[in-house]
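Presented below, as structure tokens, is a lone chain in the form predicted alone.
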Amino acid sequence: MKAKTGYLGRVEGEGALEFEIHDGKLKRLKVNIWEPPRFFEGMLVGRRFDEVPDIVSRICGICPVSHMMTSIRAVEKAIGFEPDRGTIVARKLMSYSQIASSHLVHLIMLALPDYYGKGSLMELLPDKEVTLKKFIRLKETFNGITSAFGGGRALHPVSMVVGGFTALPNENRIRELRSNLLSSKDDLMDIFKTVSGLELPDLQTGSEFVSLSAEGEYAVNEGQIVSDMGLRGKEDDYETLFDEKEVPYSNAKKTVVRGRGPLMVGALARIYLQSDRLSENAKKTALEAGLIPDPVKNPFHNILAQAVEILHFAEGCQALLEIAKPETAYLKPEPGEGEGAALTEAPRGLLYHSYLIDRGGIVRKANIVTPTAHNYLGIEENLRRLIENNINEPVERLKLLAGMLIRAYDPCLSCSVH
């Protein structure tokens, strides 16, 4: 029996799942990411260092901030530029608000319909109209923060640049952002209750959980590489710790820890490795959801972890808005020669950028590895486990479960092909 999902719905980008069962055994399975190559690394070569963030933000319409942030940090390291404290605070606000916004879209628009046997959120209306309204209010709240610090744009911001920010919101706007967040507490908890009340399939993964880790905070914009299997390293060590492998049936590469098997990055891995640095409210909800203190390595639980992270980053934004300074934080950097690499936590997990820049400030080499590339092998391995565990189910049920698992990872297929 051969089965194909055709076009994978409710994921960002273009791909399909194929599997084959004979005599009650799974014989073949592959996730084909057939999104066309986009050549971002190639198009960066020959461009000025300060053009890089605007270009890479176009890699993704969901997490442009993450690509900008990672590229800016890598470029600044290459040219020897150190950002000031005000810039670091504003950058955290950009990242926190974008991750929360991205998680909301995934949970409500993309994942939720699976658990009601529907093809889209629209098919859940009017029953889920209240949930949809809360989602829209929260999305506007987090987008408002990204936009305020991004020069008026939540999508492809314009004010976050190499060297800092060309514009920041005034005191009145910052007070308004704080007020909007305070007013969202009930909506935030209701979204968490909606997600934590779902019946998630049971599946154990053998993937190595990998994330950043930083002293005293829930690492997002920088940190050391850590894993639950003892991996430790600096972001500059990334290319010695990880390998990218090509497969003939896909335009995306599979990234693995060198000499080891599949890995998992994203919200579940972050909470697994950094739960002690969650906000108190997020810790409480993580405990209620069963994510701590004795976590189960079930990739379906990634949506629970995303719901917890929304609460954590909402509180993080509130705290940062208390100390954000309403002033321009920008120092025009001079071109410099060097090589710089940076890792951040995008909504979907570990994101890597590195650049070689010549003395004239021109990019001579670029490398970008996205969260979905890190998760790719693990997605396939866990799909095999899932289908083998349910091998006697009807094919339509297997296809539904497989789609649910892929969407639980919240993959961005467009980001994964370069």
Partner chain sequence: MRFFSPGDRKPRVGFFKFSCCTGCGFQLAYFQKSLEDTLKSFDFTFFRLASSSGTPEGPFDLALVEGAVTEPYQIIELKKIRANSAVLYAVGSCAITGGIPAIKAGVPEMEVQNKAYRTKLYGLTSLRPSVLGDYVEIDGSVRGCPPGERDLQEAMVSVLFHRKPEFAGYSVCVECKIKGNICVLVAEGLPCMGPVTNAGCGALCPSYHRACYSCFGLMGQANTAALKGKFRKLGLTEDEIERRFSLFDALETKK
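Keep in mind that what you see is a predicted model, and the values were worked out from it rather than measured. Numbering follows the first chain given and starts at 1.
The discussion below concerns the form predicted in complex with the partner chain, not included here.
Participant: Could you tell me which one of 194, 275, 213, 143 places a heavy atom within 4.5 Å of the partner chain in the predicted complex?
Facilitator: It is 143.
Participant: Quick one: from 198, 247, 257, 88, grab the residue that has a heavy atom within 4.5 Å of the partner chain in the predicted complex.
Facilitator: Selected option: 247.
Participant: In the predicted complex, does each of 131, 209 and 232 have a heavy atom within 4.5 Å of the partner chain?
Facilitator: Zero of three within 4.5 Å in the predicted complex.
Participant: Heavy atoms within 4.5 Å of the partner chain in the predicted complex: does residue 20 have any?
Facilitator: The answer is no: residue 20 has no heavy atom within 4.5 Å of the partner chain.
Participant: Spell out, yes or no, whether the shortest heavy atom distance between residue 391 and the partner chain in the predicted complex is within 4.5 Å.
Facilitator: Contact check for residue 391: no, nothing within 4.5 Å of the partner chain in the predicted complex.
Participant: Residue 54 near the partner chain in the predicted complex, any heavy atom under 4.5 Å?
Facilitator: Residue 54: yes, in contact with the partner chain in the predicted complex.
Participant: Is residue 35 close enough to the partner chain in the predicted complex to count, meaning some heavy atom within 4.5 Å?
Facilitator: Residue 35: contacts the partner chain in the predicted complex.
Participant: Residues in which of 302-310, 121-129, 69-77, 220-228 have heavy atoms within 4.5 Å of the partner chain in the predicted complex?
Facilitator: In the other structure, the partner sits against 121-129.
Participant: Could you list which residues of 30-55 come within 4.5 Å of the partner chain in the predicted complex, counting heavy atoms only?
Facilitator: Read in sequence order, the residues that approach the partner chain (within 4.5 Å, in the predicted complex) are 34, 35, 36, 37, 38, 39, 40, 41, 42, 43, 45, 46, 47, 48, 51, 54, 55.
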